[in-house]
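Below you will find one chain, with nothing else, as structure tokens; this is the form predicted on its own, and questions on how it binds or moves follow later.
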């Protein structure tokens, strides 16, 4: 019986693969086929996911319901591989029916726009396909991560440096901070577990990201110990809240934390970008005093997803001591090079992508001044949009924007003469979901909405991309009115 493996050209027996002389020509042919496929796929990516997806005349999305999309996509996985033409069509379909977050009229999330250098860095990372746990596996990317973290620490104000690493997302960075703070407060917890400590609680604002509550659940504190309880050990301040874009007063909070020896962490996943701007870095005044910072470079600074840094002011190897497991097959101490560059044991992960490269290449290409310009321009456009909302009948700001979040209501003509009352709020609450549905189905643009505390649903515009113009923002307000004026 012959065993077969599937390749680009068809079938090859295991026996042929085991014979180098016989297998080499096939291997060469396979590599040629692989290169041809990649070239064709890259052309599709360039035309469909880059050029077309960033064209303001094209749709932000081609909305289909889940059942409709199942019919359009061939999702079945079969015993044998399918033709190259079919696979390339799968690539086209994946792009066609996905949301185009690089489109100038995509404002739905805290990330947007096309950053070509970061995109290329992502391609290189996937082509190299390495893991950043040791210097020997990722020499270039290890040094890049180290250099980028040190530069970010200077922006924060840690002149004497610190420690840190990149990890998959801001939620993970916040969890790192909680775990590190607990380890500093109670080192025995690492080995003995919850029996080694008193009941501990975390403090955060009501507007803090939900990942803090998730950290409480995942790390065994319990979500009811986030706001109230016995022994506080950790305080989370937010620099740029998800909905309103608000900033906690870091300096004032730091005064209290220093007095009571509490670990102060700043979730700057969204607002950290302001640190590159001389005009706006005051929003994070006092950040140099904190113990740790979470900062997502894939948000305001536009690196490709994900590019998230966790930075610690501590220089005593606390991050290493908290998370190390000392895997002997990776972290041998008698290697022929400086093993301090083997950063993997600081992480709770084993395999770790070299995400720092995705922003390092951007910074290298455009420089600090361009990064500052992008932030300043985004916030100037947010101010412009807020002023336009004030001028227009039927539009009302929820709050004056502090950052790039612009939150507002659209009030249809049928509701404009009603007195402010619970009945008006109830009717207004239904407006944003219908307008959102209509914009998604038309594909004209994409904006988020939500309720907040006792306020009815409102729109949340997030301005980030350098490709966005004032004309795009004017279009947004015109389009919302066009889609909702009959409600």
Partner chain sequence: MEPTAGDLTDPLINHADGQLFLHEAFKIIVEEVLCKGTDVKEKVCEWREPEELARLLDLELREKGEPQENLLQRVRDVAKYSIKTSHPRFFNQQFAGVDYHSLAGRFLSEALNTNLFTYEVAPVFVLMEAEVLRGLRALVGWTEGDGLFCPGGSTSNMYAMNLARYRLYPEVKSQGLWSLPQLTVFTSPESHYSVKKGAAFMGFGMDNVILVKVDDGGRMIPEDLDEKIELSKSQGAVPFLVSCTSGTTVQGAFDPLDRIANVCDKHKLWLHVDAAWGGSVLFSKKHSHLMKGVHRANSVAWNPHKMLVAGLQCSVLLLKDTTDLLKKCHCANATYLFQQDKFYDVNLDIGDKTVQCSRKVDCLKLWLMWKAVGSAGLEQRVDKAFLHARYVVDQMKKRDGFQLLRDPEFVNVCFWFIPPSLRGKEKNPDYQNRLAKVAPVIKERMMKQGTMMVGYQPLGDRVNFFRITILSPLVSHKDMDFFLDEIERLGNDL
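The shown structure was predicted, so the numbers you read here are calculated from the model rather than taken from an experiment. Positions refer to the first chain, counted from 1.
In what follows, reference is made to the form predicted together with its partner chain, a form of this protein that is not presented.
Contact with its partner chain in the predicted bound form, judged by any heavy atom within 4.5 Å, is made by just one of 116, 249, 161, 413: 116. Contact annotation: of the candidates 156, 381, 262, 407, the single residue with a non-hydrogen atom within 4.5 angstroms of its partner chain in the predicted bound form is 381. Remark: residue 323 counts among the residues lining its partner chain in the predicted bound form, judged by a heavy atom distance of 4.5 Å or less.
At a distance threshold of 4.5 angstroms between non-hydrogen atoms, residue 222 is in contact with its partner chain in the predicted bound form. Its partner chain is not shown here, but in the predicted bound form it comes within 4.5 Å of a heavy atom of residue 209. Using a 4.5 Å cutoff between non-hydrogen atoms, residue 398 does not count as a contact of its partner chain in the predicted bound form. The candidate stretches are 250-258, 373-381, 390-398, 283-291, and the one lying within 4.5 Å of its partner chain in the predicted bound form by heavy atoms is 373-381. For the partner-free chain shown, 279, 298, 302 of 274-303 come within 4.5 angstroms of its partner chain in the predicted bound form, judged by any non-hydrogen atom.
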